[in-house]
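Here's a solo chain for you in C-alpha coordinates, the form predicted on its own.
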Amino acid sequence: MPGMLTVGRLSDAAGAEVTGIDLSRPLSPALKDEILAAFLEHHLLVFRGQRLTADQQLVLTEQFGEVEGHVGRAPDGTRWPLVHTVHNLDEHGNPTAEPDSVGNYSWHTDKSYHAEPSLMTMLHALELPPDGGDTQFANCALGYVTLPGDLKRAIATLQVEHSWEASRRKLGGPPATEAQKRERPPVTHPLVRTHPETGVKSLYLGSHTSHVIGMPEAKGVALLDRLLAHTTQPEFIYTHQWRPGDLVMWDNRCLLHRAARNYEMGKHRRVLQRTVVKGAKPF
(Lines give C-alpha, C1' and ligand atoms only; values in the text may rest on other atoms or scores of the structure.)
Protein backbone atom coordinates (compact mmCIF):
# COMPACT_ATOMS: atom_id res chain seq x y z
CA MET A 1 0.00 0.00 0.00
CA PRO A 2 1.52 3.35 -1.01
CA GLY A 3 2.22 5.88 1.73
CA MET A 4 0.18 9.01 2.26
CA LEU A 5 3.22 11.28 2.26
CA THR A 6 5.79 12.34 -0.30
CA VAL A 7 9.22 12.57 1.31
CA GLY A 8 12.20 14.09 -0.52
CA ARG A 9 15.73 14.15 0.88
CA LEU A 10 17.17 17.65 1.29
CA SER A 11 20.81 16.86 2.05
CA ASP A 12 23.16 14.02 2.92
CA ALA A 13 23.65 15.46 6.41
CA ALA A 14 20.00 15.59 7.46
CA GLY A 15 16.59 16.74 6.37
CA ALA A 16 13.68 15.80 4.14
CA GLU A 17 10.80 17.81 2.71
CA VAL A 18 7.35 16.33 3.32
CA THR A 19 4.33 17.15 1.18
CA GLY A 20 0.75 15.95 1.09
CA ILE A 21 -0.31 16.86 4.61
CA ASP A 22 -2.13 19.59 6.53
CA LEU A 23 -0.72 19.58 10.07
CA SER A 24 -3.59 21.66 11.42
CA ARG A 25 -5.74 18.50 11.29
CA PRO A 26 -5.39 15.59 13.73
CA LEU A 27 -3.10 12.80 12.49
CA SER A 28 -4.40 9.32 11.89
CA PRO A 29 -2.36 6.52 13.50
CA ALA A 30 -1.09 5.44 10.08
CA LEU A 31 -0.07 8.97 9.10
CA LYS A 32 1.68 9.52 12.42
CA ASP A 33 3.61 6.27 11.89
CA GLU A 34 4.72 7.46 8.45
CA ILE A 35 5.93 10.76 9.87
CA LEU A 36 7.85 9.03 12.65
CA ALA A 37 9.50 6.62 10.21
CA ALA A 38 10.66 9.54 8.06
CA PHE A 39 11.74 11.41 11.19
CA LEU A 40 14.00 8.56 12.29
CA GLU A 41 15.47 8.17 8.81
CA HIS A 42 16.15 11.84 8.08
CA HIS A 43 16.38 13.34 11.63
CA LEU A 44 14.64 16.52 10.43
CA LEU A 45 11.41 17.05 8.49
CA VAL A 46 10.24 20.19 6.69
CA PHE A 47 6.50 20.65 6.14
CA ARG A 48 5.86 23.50 3.69
CA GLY A 49 2.93 25.91 3.59
CA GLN A 50 1.47 25.24 7.04
CA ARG A 51 -0.75 27.73 8.88
CA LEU A 52 -0.99 26.74 12.51
CA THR A 53 -2.27 28.78 15.40
CA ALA A 54 -0.58 28.33 18.76
CA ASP A 55 -3.40 26.03 19.87
CA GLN A 56 -3.12 23.93 16.70
CA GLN A 57 0.65 23.58 17.12
CA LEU A 58 0.13 22.51 20.73
CA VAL A 59 -2.35 19.81 19.63
CA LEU A 60 0.09 18.65 16.92
CA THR A 61 2.97 18.46 19.39
CA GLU A 62 0.92 16.52 21.95
CA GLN A 63 0.43 13.76 19.36
CA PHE A 64 4.18 13.01 19.57
CA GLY A 65 4.59 13.00 23.35
CA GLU A 66 4.54 15.11 26.49
CA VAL A 67 4.99 18.79 25.75
CA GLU A 68 7.93 20.16 27.67
CA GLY A 69 7.87 23.26 29.83
CA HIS A 70 10.66 25.83 29.90
CA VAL A 71 13.06 27.31 32.43
CA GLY A 72 13.49 30.42 30.31
CA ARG A 73 11.63 33.59 31.17
CA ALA A 74 10.63 36.75 29.37
CA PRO A 75 12.31 40.04 30.35
CA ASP A 76 9.42 40.74 32.76
CA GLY A 77 10.14 37.49 34.61
CA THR A 78 7.18 35.46 33.39
CA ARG A 79 7.89 31.91 32.31
CA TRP A 80 7.70 31.08 28.61
CA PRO A 81 4.45 29.30 27.76
CA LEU A 82 4.40 25.79 26.26
CA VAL A 83 3.91 27.42 22.85
CA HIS A 84 6.14 30.46 22.61
CA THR A 85 7.98 32.47 19.99
CA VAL A 86 11.66 32.64 19.15
CA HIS A 87 12.34 36.11 17.80
CA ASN A 88 14.69 39.06 17.39
CA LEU A 89 12.40 41.67 18.94
CA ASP A 90 13.00 44.10 21.79
CA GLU A 91 10.57 44.83 24.64
CA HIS A 92 8.62 47.15 22.33
CA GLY A 93 8.21 44.54 19.60
CA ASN A 94 10.76 46.13 17.28
CA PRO A 95 13.57 44.26 15.49
CA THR A 96 16.92 44.48 17.25
CA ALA A 97 20.41 43.27 16.49
CA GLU A 98 20.89 42.57 20.23
CA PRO A 99 17.95 40.43 21.40
CA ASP A 100 17.65 39.45 25.07
CA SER A 101 17.94 35.75 24.27
CA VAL A 102 21.17 34.81 22.44
CA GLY A 103 21.51 31.10 23.22
CA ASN A 104 19.94 30.01 19.94
CA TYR A 105 22.84 31.53 17.97
CA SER A 106 25.34 28.99 19.37
CA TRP A 107 25.50 25.27 18.57
CA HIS A 108 23.33 23.37 21.05
CA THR A 109 20.81 20.61 21.47
CA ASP A 110 17.64 21.65 23.24
CA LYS A 111 17.45 21.24 27.01
CA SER A 112 20.55 19.06 27.37
CA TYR A 113 20.77 20.57 30.87
CA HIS A 114 17.63 18.57 31.83
CA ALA A 115 17.94 15.12 33.39
CA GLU A 116 15.56 14.03 30.61
CA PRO A 117 16.45 16.28 27.66
CA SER A 118 14.27 17.17 24.71
CA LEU A 119 13.34 14.60 22.10
CA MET A 120 11.75 16.71 19.37
CA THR A 121 11.51 20.43 18.68
CA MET A 122 9.06 22.07 16.29
CA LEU A 123 9.54 25.55 14.82
CA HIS A 124 6.86 27.18 12.69
CA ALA A 125 7.75 30.25 10.62
CA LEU A 126 5.37 33.16 11.27
CA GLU A 127 7.42 36.19 10.15
CA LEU A 128 10.67 36.10 8.18
CA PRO A 129 13.22 38.56 6.84
CA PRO A 130 13.32 38.90 3.04
CA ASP A 131 16.68 37.10 2.98
CA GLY A 132 18.67 35.04 5.47
CA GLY A 133 17.61 34.15 8.98
CA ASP A 134 18.56 30.51 8.34
CA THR A 135 18.84 27.73 10.91
CA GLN A 136 21.72 25.26 10.70
CA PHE A 137 21.69 21.64 11.84
CA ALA A 138 24.75 19.44 12.45
CA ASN A 139 24.53 15.64 12.41
CA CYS A 140 26.24 14.36 15.56
CA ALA A 141 26.04 10.74 14.42
CA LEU A 142 28.14 11.61 11.37
CA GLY A 143 30.44 13.54 13.68
CA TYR A 144 30.94 10.46 15.82
CA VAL A 145 31.29 7.80 13.12
CA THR A 146 34.02 9.78 11.32
CA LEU A 147 36.25 10.09 14.40
CA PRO A 148 39.53 8.12 14.45
CA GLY A 149 39.23 4.78 16.21
CA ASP A 150 41.62 5.69 19.01
CA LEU A 151 39.61 8.81 19.83
CA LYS A 152 36.36 6.83 19.84
CA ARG A 153 37.89 4.45 22.36
CA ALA A 154 39.21 7.31 24.49
CA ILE A 155 35.81 9.01 24.80
CA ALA A 156 33.63 5.88 24.94
CA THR A 157 32.81 6.09 28.65
CA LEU A 158 33.29 9.81 29.36
CA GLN A 159 30.57 11.73 31.17
CA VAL A 160 29.94 15.45 30.70
CA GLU A 161 28.22 17.94 32.96
CA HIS A 162 25.52 20.02 31.29
CA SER A 163 24.35 23.17 33.04
CA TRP A 164 21.84 25.88 32.21
CA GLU A 165 23.79 28.29 34.41
CA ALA A 166 27.08 27.44 32.65
CA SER A 167 25.44 28.05 29.30
CA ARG A 168 24.24 31.48 30.37
CA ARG A 169 27.71 32.38 31.66
CA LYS A 170 29.37 31.27 28.41
CA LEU A 171 27.02 33.31 26.26
CA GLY A 172 27.06 36.43 28.41
CA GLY A 173 23.42 36.15 29.46
CA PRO A 174 22.00 37.41 32.75
CA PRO A 175 22.83 35.11 35.69
CA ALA A 176 20.20 32.66 36.83
CA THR A 177 18.34 33.36 40.04
CA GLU A 178 18.80 31.04 43.01
CA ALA A 179 15.31 29.66 42.35
CA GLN A 180 16.23 28.89 38.74
CA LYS A 181 19.45 27.18 39.84
CA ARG A 182 17.47 24.98 42.22
CA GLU A 183 14.94 24.22 39.51
CA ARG A 184 17.61 23.12 37.02
CA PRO A 185 20.77 21.96 38.80
CA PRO A 186 23.66 20.59 36.70
CA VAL A 187 23.18 17.11 35.21
CA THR A 188 25.58 14.52 33.81
CA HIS A 189 25.19 12.81 30.44
CA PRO A 190 27.40 10.48 28.37
CA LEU A 191 29.57 12.21 25.80
CA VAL A 192 28.68 9.40 23.38
CA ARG A 193 24.98 8.64 23.55
CA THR A 194 23.00 5.86 21.88
CA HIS A 195 19.80 6.69 20.03
CA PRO A 196 17.05 4.78 21.86
CA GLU A 197 15.16 3.90 18.68
CA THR A 198 17.87 3.36 16.06
CA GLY A 199 20.79 2.24 18.25
CA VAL A 200 23.09 4.67 16.42
CA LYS A 201 25.81 6.35 18.50
CA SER A 202 26.40 10.09 18.34
CA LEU A 203 28.25 12.83 20.17
CA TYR A 204 26.22 14.71 22.77
CA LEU A 205 27.64 18.17 23.30
CA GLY A 206 27.09 21.87 22.58
CA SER A 207 26.91 25.19 24.37
CA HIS A 208 25.18 23.77 27.46
CA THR A 209 28.21 21.63 28.38
CA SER A 210 30.32 22.67 31.35
CA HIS A 211 33.18 20.17 31.71
CA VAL A 212 34.17 16.51 31.41
CA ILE A 213 33.78 14.60 34.66
CA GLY A 214 37.11 13.42 36.14
CA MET A 215 39.25 15.41 33.68
CA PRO A 216 41.14 18.66 34.38
CA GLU A 217 38.77 21.44 33.36
CA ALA A 218 40.97 23.02 30.70
CA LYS A 219 41.74 19.64 29.12
CA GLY A 220 38.06 18.66 29.12
CA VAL A 221 36.96 21.96 27.58
CA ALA A 222 39.62 21.60 24.87
CA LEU A 223 38.33 18.10 24.07
CA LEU A 224 34.73 19.30 23.86
CA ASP A 225 35.76 22.20 21.64
CA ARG A 226 37.70 19.84 19.36
CA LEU A 227 34.74 17.47 19.03
CA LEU A 228 32.33 20.34 18.41
CA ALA A 229 34.54 21.75 15.66
CA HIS A 230 34.73 18.30 14.06
CA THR A 231 30.97 17.74 14.22
CA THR A 232 30.11 21.14 12.74
CA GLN A 233 32.19 20.79 9.58
CA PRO A 234 30.28 21.86 6.46
CA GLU A 235 29.77 18.29 5.19
CA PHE A 236 27.84 17.40 8.37
CA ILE A 237 25.53 20.44 8.22
CA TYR A 238 22.12 21.05 6.70
CA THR A 239 21.21 24.74 6.45
CA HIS A 240 17.49 25.40 6.40
CA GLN A 241 16.45 28.45 4.40
CA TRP A 242 13.05 29.31 5.79
CA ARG A 243 9.96 29.94 3.71
CA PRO A 244 6.73 31.44 5.10
CA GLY A 245 4.60 28.71 6.67
CA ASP A 246 7.42 26.18 7.11
CA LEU A 247 7.11 23.87 10.09
CA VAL A 248 10.36 22.07 10.89
CA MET A 249 10.62 19.23 13.39
CA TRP A 250 13.96 17.75 14.37
CA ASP A 251 15.54 15.09 16.56
CA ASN A 252 17.53 16.60 19.42
CA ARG A 253 19.02 13.20 20.21
CA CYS A 254 21.32 13.34 17.19
CA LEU A 255 21.34 16.93 15.88
CA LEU A 256 22.87 20.19 17.03
CA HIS A 257 21.38 23.42 15.76
CA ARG A 258 21.86 27.18 15.78
CA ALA A 259 20.23 30.23 14.23
CA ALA A 260 22.30 32.24 11.76
CA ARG A 261 22.79 35.99 12.06
CA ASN A 262 22.87 36.27 8.26
CA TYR A 263 20.29 39.04 7.88
CA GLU A 264 19.72 42.63 8.99
CA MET A 265 18.52 41.78 12.48
CA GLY A 266 17.93 45.39 13.47
CA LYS A 267 15.69 45.98 10.45
CA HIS A 268 13.64 42.85 9.79
CA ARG A 269 11.40 40.76 12.05
CA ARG A 270 12.05 37.03 12.46
CA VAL A 271 9.39 35.26 14.52
CA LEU A 272 8.98 31.49 14.81
CA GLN A 273 6.51 29.55 16.95
CA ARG A 274 8.15 26.85 19.09
CA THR A 275 7.12 23.70 20.94
CA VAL A 276 9.22 20.90 22.41
CA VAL A 277 8.53 17.22 23.16
CA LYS A 278 10.10 15.83 26.32
CA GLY A 279 12.61 13.01 25.92
CA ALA A 280 14.24 10.40 28.16
CA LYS A 281 17.54 10.11 30.03
CA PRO A 282 20.41 9.59 27.56
CA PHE A 283 22.46 6.39 27.70
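Residue numbers here begin at 1 and follow the sequence given. This one's a predicted model, so the numbers in the text were calculated from it and none came from an experiment.
The next section is about a form of this same protein that is not shown, the form predicted together with a small molecule.
- Proximity to the small molecule in the predicted complex holds for none of 159, 162 and 213, with the criterion being a heavy atom within 4.5 Å.
- A heavy atom within 4.5 Å of the small molecule in the predicted complex is found for exactly one of 127, 90, 134, 197: 134.
- Between the options 145, 102, 86, 154, the residue in contact with the small molecule in the predicted complex by a heavy atom within 4.5 angstroms is 86.
- Residues placing heavy atoms within 4.5 Å of the small molecule in the predicted complex fall in a single listed stretch, namely 252-260, out of 230-238, 26-34, 252-260, 53-61.
- Looking at residue 13, you'd find every heavy atom of it more than 4.5 angstroms from the small molecule in the predicted complex.
- Contact between residue 272 and the small molecule in the predicted complex is found at the 4.5 Å heavy atom cutoff.
- By the criterion of a heavy atom within 4.5 Å, residue 205 is excluded from the residues contacting the small molecule in the predicted complex.
- Interface residue remark: residue 123 is counted as part of the site for the small molecule in the predicted complex, having a heavy atom within 4.5 Å.
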